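Presented as structure tokens, the chain that follows is alone, the form predicted on its own.
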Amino acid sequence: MSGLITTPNLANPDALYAELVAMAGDLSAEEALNRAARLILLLANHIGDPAVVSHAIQLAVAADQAD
């Protein structure tokens, strides 16, 4: 199993963030959530390791709870 990279690993994170925000466009909240879910499933499939995806989910939930 490969570990989850949690240190900065993007050449241009601000541009990617802007693209993620723009992906919602003028969609309704439900449509934007559906699009985000499709993106998550595509990336999870690309990762291909359920343990790594599960670890990412755990980190996301923990970060959200810390806010």
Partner chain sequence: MATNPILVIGAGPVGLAAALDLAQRGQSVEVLDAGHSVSDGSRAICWAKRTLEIFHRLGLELVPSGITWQRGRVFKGARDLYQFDLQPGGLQQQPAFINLAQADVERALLDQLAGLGVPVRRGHTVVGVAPRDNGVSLEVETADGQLTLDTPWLLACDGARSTIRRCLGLPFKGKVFEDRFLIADVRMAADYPTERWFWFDPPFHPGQSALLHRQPNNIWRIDLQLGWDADPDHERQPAQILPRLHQMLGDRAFELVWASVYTFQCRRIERFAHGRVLFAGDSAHQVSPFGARGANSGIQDIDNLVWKLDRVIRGASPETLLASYDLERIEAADDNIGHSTRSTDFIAPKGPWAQALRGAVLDLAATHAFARPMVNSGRLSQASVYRASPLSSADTGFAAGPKPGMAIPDAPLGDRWLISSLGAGASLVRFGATLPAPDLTGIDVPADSVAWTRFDATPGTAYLVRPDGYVAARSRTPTPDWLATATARAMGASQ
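It should be emphasised that the depicted structure is a prediction, and the values quoted were computed from it without experimental measurement. Positions refer to the first chain, counted from 1.
Below, we refer to the form predicted in complex with the partner chain, which is not included among the displayed structures.
Contact annotation: Gln58 falls outside 4.5 Å of the partner chain in the predicted bound form, judged by heavy atom distances. Taking non-hydrogen atoms only, Ser28 never approaches the partner chain to within 4.5 angstroms in the predicted bound form. Taking non-hydrogen atoms only, Asn12 never approaches the partner chain to within 4.5 angstroms in the predicted bound form. Among residues of the shown chain, Asn45 is one whose heavy atoms approach the partner chain to within 4.5 Å in the predicted bound form. In sequence order, Leu33, Asn34, Ala37, Arg38, Ile40, Leu41, Leu42, Asn45 are the residues of 19 to 46 having a heavy atom within 4.5 Å of the partner chain in the predicted bound form; the partner itself is omitted from this view.
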